[in-house]
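The data below hold one chain only, encoded as structure tokens and taken in the form predicted on its own.
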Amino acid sequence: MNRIEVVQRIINKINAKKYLEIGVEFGTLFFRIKAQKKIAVDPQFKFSLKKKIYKLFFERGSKFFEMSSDDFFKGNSGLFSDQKIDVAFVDGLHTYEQSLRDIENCLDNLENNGVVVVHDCNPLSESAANPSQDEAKKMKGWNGKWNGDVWKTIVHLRSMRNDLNIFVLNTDHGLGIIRKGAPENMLDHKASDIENMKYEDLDKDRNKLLNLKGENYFDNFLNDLCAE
């Protein structure tokens, strides 16, 4: 199971109308997702102009914003005044600080039955979990996989927000699933403690910190979702 299947099945289940993707890059996910209205945000799109024009012609509901996610949310709040986000996929800069801002901005503009999916929540090595990709490449054990410390954002939200239901699906580098509602369980870490956490802390207790779930759990999650 990968991010494409997970995002599309959520869209289909809740009959989502508006899809937002942060961190589009080559458009590998964005161009394969089917939704009435799609919004792409990335500081530098890496897909060809020809592909963009083709998709714009055949997918008139698509909008492209070549800018940082911070600038996007600051300058385009009107996009969500009439219709909020149904499903968002967050795969931007892989740092605790930026991913937290991206997720919170998505949540501020999310429909009540909406879902935020977050990539790179379950790094499996110390190098993959380094917040700097340049530094990760210098580390012993580097194998080309880089997830950053997005996992800390999951720990942060599970510690600070009692209005969110959060778990990480153990597939495709860890897919964080966030929706509004009562948490299954919460953590009690302070923000200062989370900032100082190391990969060893995650590796020692990842099931608890991430509320990690196997792929089979996804069907149960979908059954709990409802369209509005």
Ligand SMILES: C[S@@+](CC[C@H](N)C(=O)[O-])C[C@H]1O[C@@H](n2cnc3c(N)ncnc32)[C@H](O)[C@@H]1O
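Owing to the predicted nature of the structure, the values given are computational and were not obtained by experimental measurement. Throughout, we count residues from 1 along the sequence that is shown.
Below, we refer to the form predicted together with the ligand, which is not included among the displayed structures.
In the predicted complex, the ligand sits within 4.5 Å of a heavy atom of Pro43. For Asp91, a non-hydrogen atom is located within 4.5 Å of the ligand in the predicted complex, even though that partner is not displayed. Proximity of Leu20 to the ligand in the predicted complex falls outside the 4.5 Å heavy atom cutoff. Taking the partner from elsewhere, Thr28 is found to have a heavy atom lying within 4.5 Å of the ligand in the predicted complex. Checking Gln36, Asn165, Ser68, Thr171 for any heavy atom within 4.5 Å of the ligand in the predicted complex turns up a single hit: Ser68. Between 108 to 116, 92 to 100, 154 to 162, 78 to 86, the stretch whose residues reach within 4.5 angstroms of the ligand in the predicted complex through a non-hydrogen atom is 92 to 100.
Scanning 123 to 146 for heavy atoms within 4.5 Å of the ligand in the predicted complex gives no residues at all.
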